[in-house]
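Below, in structure tokens: the form predicted on its own, a single chain.
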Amino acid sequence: MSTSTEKEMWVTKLRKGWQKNLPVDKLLPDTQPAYVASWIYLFGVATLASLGLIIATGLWLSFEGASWYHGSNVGHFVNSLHFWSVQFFFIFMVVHLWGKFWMAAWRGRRMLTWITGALAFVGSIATAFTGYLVQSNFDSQWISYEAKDGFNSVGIGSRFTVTNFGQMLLLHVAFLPVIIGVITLIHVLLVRAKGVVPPIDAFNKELGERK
């Protein structure tokens, strides 16, 4: 029988910490502050929507294979949809990143939220790069051999072989997406826990009221 003097299990601490920092009303809020109606707050959700489309079309392309998305009309369409969803993903993410930078989105103990967003951006660049290498066409061949020379020039070509199709395919469809997915999930949970960052004038007003 357990006593009050015994140490709590790690799952108990995890559950209590979750309930304290991220209760259900924060995880699934049904209201938002009025300032969230501003257009600058839309780009985070637009980035997530683009990411969802990237994952869906990427899975489709992976299951069907290169001969399908290079040789059929539907394959061309899905391939193009995957390509353009990536372009919009980066457009939305860059606007979101710069918008939050000029809003000083790390205010109110949101530094970890900012860091995870920046890490997701860097990881997305690496994932997009490996995507260009697995197109299975002359374009990907040219890019891979040009990149090989670049990596060899800085001494990391022996550990990161961009001409290895199997290695690049693994990085693009499994390893990097899982990492980005985990970082994105943490980022969204942090936004829920800390709340959406207010505009600077609203934040200063809130600080003044607290004083």
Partner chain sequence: MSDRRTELESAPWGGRTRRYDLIKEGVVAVVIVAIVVAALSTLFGSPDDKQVTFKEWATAAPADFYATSVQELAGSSGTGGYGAPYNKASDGVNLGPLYLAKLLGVTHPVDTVNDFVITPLTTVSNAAPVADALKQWQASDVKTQSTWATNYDNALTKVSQDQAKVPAGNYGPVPELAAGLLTMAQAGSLDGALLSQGNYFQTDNTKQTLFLGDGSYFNDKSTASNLQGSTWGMMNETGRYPGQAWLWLYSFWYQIPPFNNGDSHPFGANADAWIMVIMGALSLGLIIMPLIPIVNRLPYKIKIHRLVWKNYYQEENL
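This one's a predicted model, so the numbers in the text were calculated from it and none came from an experiment. Positions refer to the first chain, counted from 1.
The next section is about a form of this same protein that is not shown, the form predicted together with the partner chain.
Colleague: Verify the contact flag for Val74: yes if a non-hydrogen atom of it lies within 4.5 Å of a non-hydrogen atom of the partner chain in the model of the complex, no if not.
Modeller: The answer is no: Val74 has no heavy atom within 4.5 Å of the partner chain.
Colleague: Is there any non-hydrogen atom of Ile40 lying within 4.5 Å of the partner chain in the model of the complex?
Modeller: Within the cut-off, so yes.
Colleague: Whether Phe151 contacts the partner chain in the model of the complex should be assessed with a 4.5 Å heavy atom distance threshold; does it?
Modeller: Answer yes; at least one heavy atom of Phe151 falls within 4.5 Å of the partner chain in the model of the complex.
Colleague: Even though the partner isn't displayed, in the model of the complex is Val134 close enough to the partner chain, meaning a heavy atom within 4.5 Å?
Modeller: Val134 lies outside the contact set for the partner chain.
Colleague: If we check the partner chain in the model of the complex, which of the residues in 134-169 reach within 4.5 angstroms of it by a non-hydrogen atom?
Modeller: Contacts from 134-169: Gln135, Ser136, Asn137, Phe138, Asp139, Gln141, Trp142, Ile143, Ser144, Tyr145, Glu146, Lys148, Asp149, Gly150, Phe151, Asn152, Ser153, Val154, Gly155, Ile156, Gly157, Ser158, Arg159, Thr161, Thr163, Asn164, Phe165, Gly166.
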